[in-house]
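Shown here is one chain on its own, the form predicted on its own, set out as structure tokens.
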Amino acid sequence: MSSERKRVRKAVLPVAGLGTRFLPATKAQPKEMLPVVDKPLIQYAVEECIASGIESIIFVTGRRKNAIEDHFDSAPELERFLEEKGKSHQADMVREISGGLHFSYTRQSEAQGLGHAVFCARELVGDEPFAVLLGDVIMDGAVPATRSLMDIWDATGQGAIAVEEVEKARVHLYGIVAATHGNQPRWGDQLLRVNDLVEKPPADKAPSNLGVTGRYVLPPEIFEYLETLEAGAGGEIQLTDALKELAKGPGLWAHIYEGKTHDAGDKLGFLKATVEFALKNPKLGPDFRQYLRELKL
């Protein structure tokens, strides 16, 4: 890695969405705070940042998102109460939620798309490469998805996105990449050179079955593309459109993620994630598995 190349220290987590797919549960609380077993959904993304070596997280928030700030803030009264009750393990768990990261917050005043949400973090990101993680996507693998993308940045100095193979019936729900072999021996067939991206195409017009899965490492130049974009699909500023320009210019990689992706942004995906993480939980897993076997469906 070049001594002049800045490393990835910051991550942007857009959490300003209204969570309408989870109404009425999200009428008074952020979707990102819905629990998946024993942790709020957003905590899985933050833990991925911690495991990847991120130092600072920038939340792009909106109205009614104070619960996210409170969750990652210190809670000395709660910690003291738990210590006094002899619950030191729980006190430590509360302290460790933030993982020693620095948190900052900026507002997206109006829902204008993912591209606009990322652009709202421009001043806090500054002139540095940065990661973007969608908080309603849980990536579960041996190597954190964000860490893999950071390694690609370190090696190439170019942006990278995580992709996975998508069923034909679900292609229209994703940004889809057109890509060619990356010719990077370290990653073999897992790393591709992005030539183009299409936002949510019909299956018969999709350039591949590789969908973007909500993890990105981007150079600061992405803000220049976002600044000049007009509204795209859905009347919103699409991050996909800026990624297309990045692919044509400085270059963009697509890394095929080898772990399991849980799209917990809809009810069915959320339920699947809850079941799978419950089964993996060392305390709950055995009894829960037995319960599922005994269900008479």
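Throughout, we count residues from 1 along the sequence that is shown. Predicted model, so just to flag it, every value in this text is computed and none were measured.
As for the form predicted together with a small molecule, it is not shown, yet the points below apply to it.
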{"query": "Contact residue in the predicted complex, chosen from D196, E199, E221, D151 - any heavy atom within 4.5 Å of the small molecule", "finding": "E199"}
{"query": "The single option of L192, V118, L134, V125 touching the small molecule in the predicted complex, heavy atom within 4.5 Å", "finding": "L134"}
{"query": "Stretch from 82-90, 170-178, 68-76, 103-111 whose residues place a heavy atom within 4.5 Å of the small molecule in the predicted complex", "finding": "170-178"}
{"query": "Heavy atom of T61 within 4.5 Å of the small molecule in the predicted complex", "finding": "no"}
{"query": "T240: touches the small molecule in the predicted complex, heavy atom cutoff 4.5 angstroms", "finding": "yes"}
{"query": "The small molecule contact in the predicted complex: T146, any heavy atom under 4.5 Å", "finding": "no"}
{"query": "4.5 angstroms heavy atom contact with the small molecule in the predicted complex for V212", "finding": "yes"}
